[in-house]
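Just one chain follows, in the form predicted on its own, and it is written as structure tokens.
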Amino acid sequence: MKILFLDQSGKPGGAELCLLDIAKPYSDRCLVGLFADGSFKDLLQQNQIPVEVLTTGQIQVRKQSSLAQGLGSLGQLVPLIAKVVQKAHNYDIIYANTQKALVVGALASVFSRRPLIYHLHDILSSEHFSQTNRRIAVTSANRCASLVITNSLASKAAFIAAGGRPEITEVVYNGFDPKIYHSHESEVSQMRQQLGLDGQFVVGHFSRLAPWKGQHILIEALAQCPREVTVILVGDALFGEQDYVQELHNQVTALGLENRVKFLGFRSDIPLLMAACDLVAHTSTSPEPFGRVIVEAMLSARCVVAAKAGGAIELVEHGINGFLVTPGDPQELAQVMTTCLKEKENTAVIANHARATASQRFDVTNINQQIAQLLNKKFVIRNYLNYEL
């Protein structure tokens, strides 16, 4: 089976990292078509996955775009759609990995007569998407997709609530290679020394810096914790969110936490940085569709405290493999952080249990097998129907 993957981003976010793992088994018979150039193209090439940037023009549509803004972008989409149609004739399936890729892939599917798969990595709610964008996504998927893969039950429920067809929707969680998240103690010790974290109880937060990711909640919680608790923020602003970064720095200064909060920016050594933490915090104020960082923390054998909403509820059993707290509640978060500091043995037991269960539940080999079975099923059914016709 030959697959044409489509993705709108040139930067390696969660959806793109998931696509990278899905595409690896098809590296000799696939092409990843990107709608923007960037470091994600380099990452695909490093993994010997064929990739091509299909357009250099930025698509002027955002998650909160109106109908008029959406219609205004049609002119720039026509050449892109034509190019995708041309490419699709050489492949058996079009696999759309993002919402803009879905729109382009849906139209290309009609003209090329190739089945469309849509991998939904978002919660289609009013908190993240305009009504127009939700309607376009659902209509495109309902009319053109043979299969919609969602990354959690929460994503599936939101898709169906927005009008999506349940009979074409399947849940497949993100896959991970557990070996990547095993770090040597000597490397961990060296990292803590480099960052000046020796003797500290380190709480890590791994995400782009954005208001809905809730870094301000963690900083407020930190102010209520003992002085040996330190926070590292791994990530930086995207999509014009620099004002929020300045607000975080101002908050740290106002609370007198300059020596207890470290802004590390974007980093590529995430597994080692996670291993250097004692606790990993997930503080999103809006429901997360999956929560990739939660699983990464588990695989790193680090305890995780997560906001009790969206996909996080499907990943974390409170007190068993992590902790859940009310989204946006710094006091409750501070209580868990302090408890983990005082009860380090129990925290370690929970972290080790999390690694054991996550290594089985989210193993990338098993996840890719699930996706392959779904693709083969849809491909065989489509071919059978075409033959009968």
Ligand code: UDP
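So that there is no doubt, residue numbering starts at 1 and follows the sequence shown. Remember, predicted model here, so these are calculated numbers, not experimental data.
The form predicted together with the ligand exists for this protein as well; it is not shown, and the discussion that follows is about that form.
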Is the gap between Gly214 and the ligand in the predicted complex 4.5 Å or less for some heavy atom pair? no
Does Val293 reach the ligand in the predicted complex, with heavy atoms at most 4.5 Å apart? yes
Is the gap between Gly235 and the ligand in the predicted complex 4.5 Å or less for some heavy atom pair? yes
My question is simply whether Leu17 lines the interface with the ligand in the predicted complex - judged by any non-hydrogen atom within 4.5 Å. yes
Tell me the stretch among 259-267, 222-230, 104-112, 155-163 that has any heavy atom within 4.5 angstroms of the ligand in the predicted complex. 259-267
Contact residue in the predicted complex, chosen from Arg192, Arg135, Lys83, Arg208 - any heavy atom within 4.5 Å of the ligand: Arg208
Does anything in 179-197 come within 4.5 Å of the ligand in the predicted complex by heavy atoms, and if so which residues, in order? none
